[in-house]
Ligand SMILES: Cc1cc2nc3c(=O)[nH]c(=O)nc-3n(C[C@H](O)[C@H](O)[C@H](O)COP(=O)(O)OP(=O)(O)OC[C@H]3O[C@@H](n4cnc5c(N)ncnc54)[C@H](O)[C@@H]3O)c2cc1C
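Read the single chain below, which is given as structure tokens and is the form predicted alone.
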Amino acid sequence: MLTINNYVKAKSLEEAYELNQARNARVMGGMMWMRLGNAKVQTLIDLSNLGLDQIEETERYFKIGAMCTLRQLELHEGLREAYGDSIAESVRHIVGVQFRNQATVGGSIYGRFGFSDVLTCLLALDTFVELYDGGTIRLSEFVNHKRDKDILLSIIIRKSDRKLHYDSIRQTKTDFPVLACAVVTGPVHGKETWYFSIGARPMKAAVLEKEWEIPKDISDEQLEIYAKEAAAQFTYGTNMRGSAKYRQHLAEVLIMRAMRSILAEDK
């Protein structure tokens, strides 16, 4: 059971940060996962009055406030126009609409959960996180940071000519993924570059970068070689949802499907 002694709705980011430095203080997002745990929290800090619940789009980037809900991410027309249905697909199986109307993007990213579809998807893009004290850093760097008492303000996706495909395997529709996979490709410094993000390994998501020039008419046999090579460079584990060997096989399949889908778009 979760026990909370003091609840504070922060009036400023500075106040929220100062309160959060206490050993037994925690920042609340949508309270969807935190409330299921067993913990005694001295001070729970609410960020809902600090304007962090909007998605801003400019010519160069999308800036997603940490208090934006997964449902906002799912329905945002700018994100859909830029990346097709892939970002919406990454949250579609997360419990249900009622849950996604409360769960926050910041909670998904800051938690760095192994099962996070959102983290897996955004990690493959040109994504940064904005922290109150730590400034703006790449999401791939933040994922491997030691947990601290900083506050996540926003997630920034830098716009570029990249194509994204997301997919996952689940035992049932609303269950945690057995494996999650995001694949992105686009030109970087004049070279065709592929990014592969694998989550629910069952460890937290990791990303791989490859400079591969792959012809659009490549055969399935040749494409399978690329997919196997990418999948083999991730580490997998075993739990109640599947073995490490099974997860690696799923990664090969999902990577190949994603690459084939992206290549078909360019024809």
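Given the structure is predicted, the values throughout are model-derived calculations rather than measurements. Position 1 is the first residue in the sequence shown; the rest follow in order.
This protein has a second form, the form predicted in complex with the ligand, left out of what is shown; the following refers to that one.
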**Request:** Find out whether any non-hydrogen atom of Gln102 is located within 4.5 angstroms of the ligand in the model of the complex, and reply yes or no.
**Result:** yes
Under a 4.5 Å heavy atom criterion, is Ile198 part of the interface with the ligand in the model of the complex?
no
Taking heavy atoms only, is Gly242 within 4.5 angstroms of the ligand in the model of the complex?
no
### Query
Just to confirm, Lys63 within 4.5 Å of the ligand in the model of the complex by heavy atoms?
no
Per contact check vs the ligand in the model of the complex (non-hydrogen atom within 4.5 angstroms), the hit among 156-164, 142-150, 185-193, 75-83 is 142-150
Met32, Leu70 and Phe115 all contacting the ligand in the model of the complex, non-hydrogen atom within 4.5 Å
yes
As a check of understanding, the residue in Leu123, Val129, Ile87, Ile94 with any heavy atom within 4.5 Å of the ligand in the model of the complex should be identified as Ile94
Residues in 1-16 that come within 4.5 Å of the ligand in the model of the complex by at least one heavy atom, in order, are none
